[in-house]
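Only one chain comes next, encoded as structure tokens, the form predicted on its own.
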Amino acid sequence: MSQQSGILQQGATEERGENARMASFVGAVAVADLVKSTLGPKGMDKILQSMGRGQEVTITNDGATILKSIYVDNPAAKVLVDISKVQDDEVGDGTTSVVVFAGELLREAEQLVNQKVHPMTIIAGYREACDCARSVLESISFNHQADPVLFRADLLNIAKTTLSSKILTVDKEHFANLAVDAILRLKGSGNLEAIHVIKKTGGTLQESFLDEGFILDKKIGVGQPKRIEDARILVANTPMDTDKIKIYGARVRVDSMAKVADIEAAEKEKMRAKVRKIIDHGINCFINRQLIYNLPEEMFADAGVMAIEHADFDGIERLALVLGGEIVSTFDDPETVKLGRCKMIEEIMIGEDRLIHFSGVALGEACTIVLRGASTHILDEAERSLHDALCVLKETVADARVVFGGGWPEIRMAKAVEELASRTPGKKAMAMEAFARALRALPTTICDNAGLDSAEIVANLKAAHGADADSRMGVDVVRGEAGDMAELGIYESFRVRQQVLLSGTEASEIILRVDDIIKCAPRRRG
């Protein structure tokens, strides 16, 4: 404890200077080491078990999912958890890389601080190195947006690279095609809401497919048309249950059973009037978020209107978007209500489940990906993997620049940063060299996770890039050597690599600036 312990309230602790810095470094490096083994095509998965009532188990190798699920007490570790979340929201992939990179920068910084280099000097060096690496990354990216055939090939390669480190790696051809088809349908709008993912257990992962239109995981009501062409759809969120009297907390005293029947009859009449109002909109399909009881269901069936109840909230918001309608809860003025449209609604079977298929929807780019798999754990992880691929492709469609993967950009950037360091006087140069070493830690980790000799492979890569400025060599984990990334088709989105570089540098900078940690105990209740 420091000298001015009289200032802080009872129960608060303070760590200063060296201790605080050590605590930050240790926490951040520990988090980086936790996810380090999931990096790359041969990365391993983690099992996360919640200690809650359900004891749910998640099996994943998605960096953001792992870090979101663990509770950390160390403030520096929380910074790293946050940057993986930001990476996930911004570009969807590279969540593990960014944490490993920031952890390596801090590991290097720790050595420099021990050699009496001031943290601000390290930060200044890191900043210059980051600018240099970024300009190199921009200069080595290439863009094929003008040529649809080449661009599609690029997108396919990016999807395959993203999926190769996930559970879907076995069927990556199939899923890369699914993801690219789904994204190209969006025609550059980048609205991932229009891509609906349904998970159905049973079957194998290969049986997953992409369906144009929208599939809703619900059944059609009893006695109603199973197929409607040229549908006019009212999407609603309103109670449709008659047999409960809805005056909460009120007591009704009656002197005979006949009076109870009158009240029930009045309730029914009220419901009939409501159903008539809904049918007056000139619709032939009614989709409600809440329950629909037998009486209104019967009335809809008589009117030849298909009624679908309990469409879950996510489903209904997305449904309204796809069908181009609005979610309605009052039915008094039909002319102001915007109905949803689609060419056809029919019931389909997937496995042993019946689902409702909307085809020819108003939002032409809408589509549904149906995932099949042996168990819920596999399906959840498949959905996470696919989501990563879709996000990366969305970013690539928006910014079509592409770089090779497999540690190639890191080697190139490290080389440029080292050249800059050799021209820089003072201690800043030490920080720049450290930055280059941290960049090389990514290909090193990819090799280590594949059980290869990382020192030799990275040295070979360094030599290859030193001998030929336009070398395309990166880590080929399958053969266990340096390989040509263009021939192997290992491509990555420029946006993802750039985000990894910038976020990682910023996170390490934030943690390096710390020299005091104050923890306050919560206020006691009286």
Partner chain sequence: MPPKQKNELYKESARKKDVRTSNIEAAKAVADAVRTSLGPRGMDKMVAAPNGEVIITNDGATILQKMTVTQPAAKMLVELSKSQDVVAGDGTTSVVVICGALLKKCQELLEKGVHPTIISDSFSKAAAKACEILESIAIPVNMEDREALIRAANTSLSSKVVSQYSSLLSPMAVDAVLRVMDPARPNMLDLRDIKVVSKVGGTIDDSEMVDGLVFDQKAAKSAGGPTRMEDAKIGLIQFQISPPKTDIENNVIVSDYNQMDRVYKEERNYILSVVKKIKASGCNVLLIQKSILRDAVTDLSLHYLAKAKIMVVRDIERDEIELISKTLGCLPIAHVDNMKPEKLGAAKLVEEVEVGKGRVVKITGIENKGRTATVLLRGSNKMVLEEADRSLHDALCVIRCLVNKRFLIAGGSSPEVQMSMQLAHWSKTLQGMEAFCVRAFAEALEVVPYTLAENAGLNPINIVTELRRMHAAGQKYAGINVKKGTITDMLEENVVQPLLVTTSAVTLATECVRMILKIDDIVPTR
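Residue numbers count along the first chain shown, from 1. Rigid core: the largest C-alpha set superposing within 1.5 Å between the two forms. Since the model is a prediction, treat every value here as computed from it, not as a measurement.
The form predicted in complex with its partner chain is left out here; the points below concern that form.
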Does the trio Asp33, Asp45 and Lys166 actually contact its partner chain in the model of the complex, every residue with a heavy atom within 4.5 Å? yes
Do Ser139 and its partner chain come within 4.5 Å of each other in the model of the complex, heavy atoms counted? no
With a cut-off of 4.5 Å between heavy atoms, is Val57 one of the residues that contacts its partner chain in the model of the complex? yes
Could you confirm whether Asn460 comes within 4.5 Å of its partner chain in the model of the complex, counting heavy atoms only? no
So in the model of the complex, is its partner chain close enough to Met51 to count as touching (4.5 Å, heavy atoms)? yes
The single option of Ala261, Met120, Ala455, Ala273 touching its partner chain in the model of the complex, heavy atom within 4.5 Å: Ala261
Considering non-hydrogen atoms and a 4.5 Å limit, which listed residue (Ile215, Ala176, Val79, Ala450) is close to its partner chain in the model of the complex? Ala450
Based on heavy atom distances of at most 4.5 Å to its partner chain in the model of the complex, which listed stretch, 276-284, 333-341, 201-209, 317-325, is the contact stretch? 201-209
Across 330-346, the residues having a non-hydrogen atom within 4.5 Å of its partner chain in the model of the complex turn out to be Glu346
With a threshold of 2 Å on the C-alpha, tell me if Ala455 counts as moved between this form and the one not shown once the core is superposed. no
I want to check Ser256: does it shift between this form and the one not shown by 2 Å or more at the Cα, with the core superposed? yes
